[in-house]
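Presented below, as structure tokens, is a lone chain in the form predicted on its own.
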Amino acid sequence: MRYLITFSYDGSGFNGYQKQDGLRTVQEEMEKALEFINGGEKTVITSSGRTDKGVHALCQKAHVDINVNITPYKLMRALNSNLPDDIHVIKTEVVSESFHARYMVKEKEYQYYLNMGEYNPLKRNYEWQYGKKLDIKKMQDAIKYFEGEHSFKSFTPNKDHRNNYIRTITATNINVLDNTIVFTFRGNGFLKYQIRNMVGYLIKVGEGKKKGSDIPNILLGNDRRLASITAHPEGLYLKDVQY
């Protein structure tokens, strides 16, 4: 039977989501727990996408095939009993055998948190402790240039070779809570480091070192060298996945 699992995790202690030999990852921990529940049979989980080292998830989703007879509720309870404290299963549900957690995604939402104020050691793993004031209005104007369908090759690493760099961003927003800036991006999918690179460029706009009005030409240029810095991973959260 195929199940859809909704779960969250604190990315601080992981070397990213995807399994890697000799390194602690979210996928490895999930599959170890699932293998135990699935009668010791090797069990592969397929997520909506990967997150990088240090990146968090409030709402990651994945599908898995389980051969033992278990209700969704008991599967959730069993997973939470066998997972480490930095991963938590929120919900499990039965889905059709044709459901695919990655290929059927319609929209994802990410948020990025940046602290402009005093360094906060308690949040060092959960917000970028940037520590400088930025021009919020300029950044709010600039972020809107990312909306729509574009090639985002300029905002992904040069070594990330693929046939299609086109993605659609449906909504963006920047809010400020005290000294914390919250960047929000919603779209049909995102490339490796894309959000962190877009945030990096917006920071340079906020510093007055880049112009938001240059973003359309940077997108058209399809050249990573035209953009800017990559924001730190600890401020990034996968907030929602919609099917």
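Quantities reported herein were computed from a predicted structural model and do not represent experimental measurements. From 1 onward, residues are counted along the sequence shown.
Beyond what is shown, the protein has a form predicted in complex with another copy of the chain; the following relates to that form.
*Asks:* Of the options Y126, F146, Y130, Y165, which one has a non-hydrogen atom that comes within 4.5 Å of another copy of the chain in the predicted bound form?
*Replies:* Contact check passes for Y126.
*Asks:* Please identify the residue among R77, K138, H88, H100 with any heavy atom within 4.5 Å of another copy of the chain in the predicted bound form.
*Replies:* For this set of options, the contacting one is H88.
*Asks:* For the interface check, one of 166-174, 88-96, 151-159, 67-75 should have non-hydrogen atoms within 4.5 Å of another copy of the chain in the predicted bound form; which one?
*Replies:* Of the options, only 88-96 has residues within 4.5 Å of the partner.
*Asks:* How about H56: is it within 4.5 Å of another copy of the chain in the predicted bound form, going by heavy atoms?
*Replies:* Yes, contact at 4.5 Å.
*Asks:* Even though the partner isn't displayed, in the predicted bound form is Q242 close enough to another copy of the chain, meaning a heavy atom within 4.5 Å?
*Replies:* Heavy-atom contact with another copy of the chain at 4.5 Å: absent for Q242.
*Asks:* Is there any non-hydrogen atom of Y9 lying within 4.5 Å of another copy of the chain in the predicted bound form?
*Replies:* Answer yes; at least one heavy atom of Y9 falls within 4.5 Å of another copy of the chain in the predicted bound form.
*Asks:* Y237 near another copy of the chain in the predicted bound form, any heavy atom under 4.5 Å?
*Replies:* Y237 belongs to the contact set for another copy of the chain.
*Asks:* What residues in 146-162 sit within 4.5 Å of another copy of the chain in the predicted bound form, counting heavy atoms only?
*Replies:* Residues within 4.5 Å: none.
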